[in-house]
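Just one chain follows, in the form predicted on its own, and it is written as structure tokens.
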């Protein structure tokens, strides 16, 4: 998975059965709060983990992961992963790019 290789890591603390606590691995970044600069990919990928591990929805989880990969491959780079000289997308634009990929 491309997103995982970029350090955009989802996380889960799994309990017995299908229970778990899901959260992305990153800080709260109060210095950029409300500025549309946060990278939403780890949070979205964490939702994919919930689909897979707690809800047993493997195909749906894979669809979310693939949509994130395609969004990034298509150039929806937030400021923390954007190559030099490219315009980073906002948090909302990144989320919309994933949704657009989900609809394909």
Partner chain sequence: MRALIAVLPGDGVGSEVIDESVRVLEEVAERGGHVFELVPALVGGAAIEQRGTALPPETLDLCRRADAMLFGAVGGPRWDDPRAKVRPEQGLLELRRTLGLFANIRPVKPHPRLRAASPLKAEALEGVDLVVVRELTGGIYFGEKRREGGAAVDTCVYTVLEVERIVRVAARWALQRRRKLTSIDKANVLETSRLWRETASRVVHEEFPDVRLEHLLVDAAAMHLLRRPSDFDVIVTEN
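Numbering follows the first chain given and starts at 1. Worth saying up front: this structure is predicted, and the values here are computed from it rather than measured.
Although not depicted, the form predicted in complex with its partner chain is the subject of the following passage.
Its partner chain in the predicted bound form is approached by residue 73, whose closest heavy atom lies within 4.5 angstroms of it. Contact annotation for residue 81: at least one heavy atom lies within 4.5 Å of its partner chain in the predicted bound form. Within 4.5 Å of any heavy atom of its partner chain in the predicted bound form lies no heavy atom of residue 87.
Interface residues of 41-78, taken as those with a heavy atom within 4.5 Å of its partner chain in the predicted bound form (partner not displayed): 43, 44, 46, 47, 49, 50, 51, 53, 54, 55, 57, 60, 64, 69, 72, 73, 77, in sequence order.
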